[in-house]
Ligand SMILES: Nc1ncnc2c1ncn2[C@@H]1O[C@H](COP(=O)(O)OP(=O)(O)OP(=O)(O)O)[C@@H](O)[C@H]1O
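Just one chain is shown here, as structure tokens, and it is the form predicted on its own.
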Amino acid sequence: MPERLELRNVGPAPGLDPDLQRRMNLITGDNGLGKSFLLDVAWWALTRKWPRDLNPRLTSGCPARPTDRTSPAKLRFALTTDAGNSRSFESTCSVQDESWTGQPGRPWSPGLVIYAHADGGFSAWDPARNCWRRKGNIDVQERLPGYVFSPQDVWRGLEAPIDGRSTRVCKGLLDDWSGWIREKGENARLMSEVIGALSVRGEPWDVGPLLRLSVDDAQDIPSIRTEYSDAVPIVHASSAVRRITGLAYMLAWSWSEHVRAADQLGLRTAGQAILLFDEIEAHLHPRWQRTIVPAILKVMDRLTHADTGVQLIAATHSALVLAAVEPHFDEERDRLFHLDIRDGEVGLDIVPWAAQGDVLGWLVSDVFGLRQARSIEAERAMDAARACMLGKGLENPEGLRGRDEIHEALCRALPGHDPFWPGWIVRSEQNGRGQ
């Protein structure tokens, strides 16, 4: 498992050095400050390959490059291997070669690594199937260096060059799941259990019959049963359901294929699983955002062996995700990070854990930094009203003139039951009588 990452002169920040906890690490921060980049670097540190190098169809996961090409760029990391050994590594960027140098050879096995990209793509690194050896000073590839799926590949299957020819290394969700349903075996039951764990309690959906979309198309399509239909083709389901289904498939496929490969090669299964999630709440309704993190940890406990360590590193923009993990957060095993701009530079802070109680509390906390959990218009109207009530004049920085104009702005922006109204009405009446 990764314990520490150090970045110098790469990405939006001049330097970052997060110390990671062994179970759950949540990364927050405004857009463009480097959350996805940190996950890409973590994947590279664990697998020694950039996702887009293995699949050019990806829109993310590009190799890191020096921010300032005239200065050295370094990536350092420390990890605990699957065998329980502590290892550290440093790599520098060769600008001329446009590559990262350092210790050659197979990466130290961190265990099974799964990276859920924000666009619905996935990457997986399997210690049993993705390995290589050294011959002199040359890395000799024995098997694929990793499985990197575009969103289309997740559903339709992944092909990769092996021994000079294109080989289908994964059938994809539609073929695999259809086959599992027909076989009625362990994988079908596993997929159903994972979907059940990831779906929202009170909004059940189950596996339906196999369907065909057209008389001219021989592709069997799995379907789901919902409250409104006994058979919705999975390709016609909502973005959230497809996201959850794709996630369930990649978790089940990655672990089951790892177990099969380890058994075939006479290896022990991984004692560690590292999950990297970019925008873990992507496409999900608030009801689903409340359950996604606990559900993923529960799924991995179900999939893996009892003694398998599971580490989650996830980027999120959702205050509801943070509110939902409050009952599960353990400061001995979990950590919250926040990317922010200080003195014109991006920095990463460890946020001392303090439960906020609800989504509103998180939105106005330092993590998200909103002054009001309301619309921008409501915030401006309230600022103008406060200035007026404090006697700072009827002209204010928001450009509203007079109590009537401020009152009209408040009426447009605030509902009638908003707790701001009583104070404003009482003070307006007092000021009116004073005139």
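Numbering starts at 1 and runs along the sequence shown. From a predicted model like this one, the values you see are computed outputs, not experimental measurements.
Just so you know, the form predicted in complex with the ligand exists too; it's not on screen, but the next bit is about it.
### Query
Taking the shortest heavy atom distance, is Asn55 within 4.5 Å of the ligand in the model of the complex?
Looking in the model of the complex, residue contacts with the ligand do not include Asn55, since no heavy atom lies within 4.5 Å.
### Query
Should Gly32 be counted as a contact of the ligand in the model of the complex, where contact means heavy atoms within 4.5 Å?
Yes, contact at 4.5 Å.
### Task
Answer with yes or no whether Phe37 is in contact with the ligand in the model of the complex, where contact means some heavy atom within 4.5 Å.
Yes.
### Message
Taking the ligand as it sits in the model of the complex, is Glu279 near enough to touch it, meaning that at least one heavy atom pair lies within 4.5 angstroms?
### Response
Result yes; Glu279 sits at the interface with the ligand in the model of the complex.
#### Entry: the ligand: the contacting residue among Ala373, Ala64, Ala409, Ala387 in the model of the complex [heavy atom, 4.5 Å]
The residue from Ala373, Ala64, Ala409, Ala387 that makes the contact is Ala64.
### Answer range among 55-63, 401-409, 378-386, 365-373 for contact with the ligand, defined in the model of the complex as heavy atoms within 4.5 Å
Among the candidates, contact is made by 55-63.
### Query
What residues in 1-22 sit within 4.5 Å of the ligand in the model of the complex, counting heavy atoms only?
Heavy-atom contacts to the ligand in the model of the complex: Gly11, Pro12.
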